[in-house]
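What follows is one chain in structure tokens, specifically the form predicted alone.
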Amino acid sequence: MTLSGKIAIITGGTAGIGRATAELMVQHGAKVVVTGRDTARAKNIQPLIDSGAALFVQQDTTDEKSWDAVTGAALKAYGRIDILVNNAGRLIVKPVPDLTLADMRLMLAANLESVFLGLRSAWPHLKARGGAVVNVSAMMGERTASIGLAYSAAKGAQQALTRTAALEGAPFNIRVNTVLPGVIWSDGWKRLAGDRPEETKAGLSTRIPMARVGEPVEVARAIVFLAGDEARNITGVQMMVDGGLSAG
């Protein structure tokens, strides 16, 4: 795969899947604009910044005006936008009686509205020369969990948005796809594991057909493939990266 000369925006790109995607895209020749809410976490991609292959922009992806700053920074630094990776998101898991309207609105804002805002902001620049959008959804958008109503609803809607945008973008050579990670050993799971990471991983693995927990770079490889020219005839798809969980 090659992304030589491509310019990518990656939201939530300072940790986990986003960081792995930024690093892999740079390895394949791209320049990346990485965004995140916490400026302190920009140190995680400092080697990429120091190499001249990346820049960091502080962003709340649910803030409409922040998208103007992000696309503006990409255009000022690199002159164009070829790829948008909508990776940033939030998770709330509660039983229905405990869910509040504020919880639901946060899930919709962080996991659906943010993707819409990113699409709308990047669309004119992608339309000018063709390009790729990869939305990072979640397996819970396809196979729901019993206490994930708000999150699953938002991610499911995100997948409908992806398919519709793929149809609208096809005449302009804009490809729009989604990646659905399963259980991936990133910051969220590590925090939950506390001081028992190996025990936690082993327990999670027993629920997965391939009997192993995924790593962020494995999702990043799927994103890089869908973003690159090798996938030029692929649009509107949902690519599972879940060790077979969705098949059972």
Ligand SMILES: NC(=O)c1ccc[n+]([C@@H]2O[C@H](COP(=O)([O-])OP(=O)(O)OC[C@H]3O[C@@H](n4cnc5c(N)ncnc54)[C@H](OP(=O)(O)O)[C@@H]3O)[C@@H](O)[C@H]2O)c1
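Predicted model only: the values in this text are computed from it and were never measured. We number the residues from 1 along the sequence you see.
Beyond the structure shown, there is the form predicted in complex with the ligand, which is absent from this document and is the topic of what follows.
Here the chain stands alone, but in the predicted bound form its contact with the ligand, taken as any heavy atom within 4.5 Å, falls in 182 to 190 among 182 to 190, 47 to 55, 195 to 203, 23 to 31. Each of Ile17, Asp60 and Gly89 comes within 4.5 Å of the ligand in the predicted bound form, counting any heavy atom. Taking Ala74, Leu126, Ala138, Ala150 one by one, only a single residue has any non-hydrogen atom within 4.5 Å of the ligand in the predicted bound form, and it is Ala138. When the ligand is considered in the predicted bound form, Arg221 lies well away from it, no heavy atom lying within 4.5 Å.
Looking at Arg175, you'd find every heavy atom of it more than 4.5 angstroms from the ligand in the predicted bound form. In the predicted bound form, at least one heavy atom of Arg37 sits within 4.5 Å of a heavy atom of the ligand.
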